[in-house]
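Form predicted on its own, single chain, as structure tokens, below.
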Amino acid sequence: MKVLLINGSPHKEGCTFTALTEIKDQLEKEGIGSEIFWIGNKPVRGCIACGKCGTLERCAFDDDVANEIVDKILESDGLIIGSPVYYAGPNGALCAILDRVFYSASSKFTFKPGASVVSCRRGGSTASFDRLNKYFTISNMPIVASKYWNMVHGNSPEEVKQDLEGLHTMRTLARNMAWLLKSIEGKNLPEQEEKVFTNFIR
């Protein structure tokens, strides 16, 4: 089994990476493979609602990491998305990528456990946490919880390492993810109805 951890920070080894590394180390202790994938810091595209992913089954734009992330999620059993907090929200580049990833391929992510992690200096963490979790709740993905909201505080990796409660929360999240993956392995999953779309037009 494997969990993909997405580092949605423009800094490859900053505060978000520090939180994800704590999770990765605990997952490995639980016998679960993992990979931290960095989205990078190059320009990315937002969704333009072209609808071509409906026939291509992937985003029409292939000049950034969106389609690579789709492939990595499909190869993984669980997903954890990490982001710094900017203006009480996740990194905009990360959200632009995730909008395209989930719009083009979320039907293939059904029943993959997901979790989000945020890193902030002080405030805005719960709003960011809520924003990221919405990708899972609309995609039929069970959300993995911890003993507190999945956040760490600090303005540098060194400060994050001093957030003992935050690191404890990360390790608990990892153990809960490992437990859920092992619990559902080989089990019969719920039957799925065909999706119904309702538009409200007046």
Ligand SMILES: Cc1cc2nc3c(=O)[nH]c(=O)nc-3n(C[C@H](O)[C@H](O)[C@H](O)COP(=O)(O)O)c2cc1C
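Residue numbers here begin at 1 and follow the sequence given. The model shown is predicted, which means the values in this text are computed figures rather than measured ones.
Quick note: we don't show the form predicted in complex with the ligand, though the next part is all about it.
- The stretch from 93 to 101, 107 to 115, 121 to 129, 67 to 75 that comes within 4.5 Å of the ligand in the predicted complex, counting heavy atoms only, is 121 to 129.
- At the 4.5 Å threshold, heavy atoms of residue 23 stay clear of the ligand in the predicted complex, well away from it.
- For the chain shown alone, residue 155 is a contact residue for the ligand in the predicted complex, at least one non-hydrogen atom being within 4.5 angstroms.
- Proximity of residue 80 to the ligand in the predicted complex: non-hydrogen atoms within 4.5 Å are absent; the residue sits far from the partner.
- Within 4.5 Å of any heavy atom of the ligand in the predicted complex lies no heavy atom of residue 182.
- Along 80 to 98, residues 84, 85, 86, 87, 88 each place a heavy atom within 4.5 Å of the ligand in the predicted complex.
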